[in-house]
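Single chain ahead, written as structure tokens, the form predicted on its own.
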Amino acid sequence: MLGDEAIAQAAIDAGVSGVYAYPGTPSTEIMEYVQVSDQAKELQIRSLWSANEKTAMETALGMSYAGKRAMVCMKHVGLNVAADAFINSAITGANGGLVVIAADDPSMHSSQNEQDSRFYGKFALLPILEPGNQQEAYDMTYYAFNLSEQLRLPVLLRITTRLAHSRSGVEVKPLRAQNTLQLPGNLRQYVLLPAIARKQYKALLGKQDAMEIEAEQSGFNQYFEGENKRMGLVVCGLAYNYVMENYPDRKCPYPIFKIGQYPVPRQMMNRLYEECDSILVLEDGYPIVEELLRGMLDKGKLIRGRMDGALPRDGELNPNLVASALGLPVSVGNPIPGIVRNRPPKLCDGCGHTDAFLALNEAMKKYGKGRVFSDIGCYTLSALPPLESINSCVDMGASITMAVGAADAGLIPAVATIGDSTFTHSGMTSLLDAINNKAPITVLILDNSTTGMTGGQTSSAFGKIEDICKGLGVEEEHLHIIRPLRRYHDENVEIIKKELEYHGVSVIIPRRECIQTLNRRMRQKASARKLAKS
């Protein structure tokens, strides 16, 4: 199984009743696995793509309130969107087991930053699990639901791209029955009025010792003896594999403290510190454990890691970086032949977004460059040649509000481009701000009828965009649907030009089905016809 698939199967086997998510690499395959699972369908497990990560988190919290087990999945930046509900869920606590999966993307393979979700778990004072392989991903997920119900708290499981998208054999556990409906014993537990929240927060603080004892006794935290005490290794999750890859016989000479469950057990950490002359901390992401170790046990011994330059401060770990930090020879492969060139990403051939941006580029010629704010999705690739259309990509929904701010500063006209799924994720409130401010901006909602960048999942916006825009207050005479095709190019340019001159909010919806989902749909139709004939 992929790491993502192992997590999904573990949730099914652990008796989950609902899985909620918003697609985002590298977490997408968790929900996709559940949605195609015959076992999940037979068990009537709810598995819905939510409008965004915050609504997914809140829906899962509602299922937990009702006593059933729930899981919510997102990529690391999605946890920013869900943070309000996530942080406060530590204060409400959990009734049915509640597991939050955050898939981090060190090295930013398909993300705008490489933040470390362990920070959020530590900030919220919640237990964190970090698997080092696919079997641990399965076992930790299965265990996380039990831990959640034992502590009456949500549990955060943090994975990274390499684990999510690599495969290994996985041994599964017996299927557990789903929980029955059962309301919280305290019906005011989820009412975070200050007087109640203060009591709940004290209760959360009171559980910290139990969390540390659980981590100390957990089989996911292991201490491996080593003969050479010159250096001790603290390895977190997947980093253990990178150490072992440098020792073909899998015999590391140094003592190793492998962390898979947080908070970090002090006794194990103290033992390593006392036994060894120096410490090397290997963790993917931020130097969270390294900072903790320096604060907890900085008594004069050398502590190395990302903070002192032994490892790069950015990017994901790999066996060569670990070898260098261990003082071992670094393996360098053959040089890449010149014929194998890097190919920058581009929009698919036949993508409707290309025609939309060609029309926008022509309409914007008289105003010059630097006026188009964009968002997160396939269309972000329009920043690259040959289109070079857009000037921003910050976070989901930022295009519209950045255009509002730029217009307030005097940059008129200002344009926002946003996808249909991103619009219902975080763009609707931005458009409401623009309407309330009577901002002189033109918004292009690029509607390809799917969540295209992550593989063609159902878009929450499908069939609803015009009604949403009208409901928010867009004037009908400044709301247009265009067909982004070459034969309509001149007509589309004229519509965009006209709206750029309007001193208010206008919305243009270039609508054309994603070429990938269209091809997939046509193949399915052809297969169905062939099957019917046979």
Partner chain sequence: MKKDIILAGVGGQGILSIAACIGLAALAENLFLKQAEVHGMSQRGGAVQSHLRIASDPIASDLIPEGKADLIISVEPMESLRYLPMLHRNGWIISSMNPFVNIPDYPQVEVVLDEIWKQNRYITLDADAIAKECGSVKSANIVVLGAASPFLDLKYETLQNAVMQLFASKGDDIVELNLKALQAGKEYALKHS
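Here the structure is a predicted model, which means the values were calculated and not measured. Residue numbers count along the first chain shown, from 1.
Separately, the form predicted in complex with its partner chain exists; it is not shown, and the next lines address it.
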{"query": "Heavy atom of each of Gly15, Gln35 and Gly206 within 4.5 Å of its partner chain in the predicted bound form", "finding": "no"}
{"query": "Leu302, heavy atom within 4.5 angstroms of its partner chain in the predicted bound form", "finding": "no"}
{"query": "Heavy atom of Gly232 within 4.5 Å of its partner chain in the predicted bound form", "finding": "no"}
{"query": "Heavy atom of Lys533 within 4.5 Å of its partner chain in the predicted bound form", "finding": "no"}
{"query": "Touches its partner chain in the predicted bound form: Glu245 (any heavy atom, 4.5 Å)", "finding": "yes"}
{"query": "Stretch in contact, per heavy atom within 4.5 angstroms of its partner chain in the predicted bound form, of 303-311, 373-381, 438-446, 188-196", "finding": "373-381"}
{"query": "Candidate from Gly333, Pro174, Gly410, Gly368 lying within 4.5 Å of its partner chain in the predicted bound form - any heavy atom", "finding": "Gly333"}
{"query": "One residue of Gly327, Pro344, Gly295, Gly463 in contact with its partner chain, assessed in the predicted bound form (non-hydrogen atom, 4.5 angstroms)", "finding": "Pro344"}
{"query": "Heavy atom contacts to its partner chain in the predicted bound form at 4.5 Å, residues of 432-458 in sequence order", "finding": "Gly452, Met453, Gly455"}
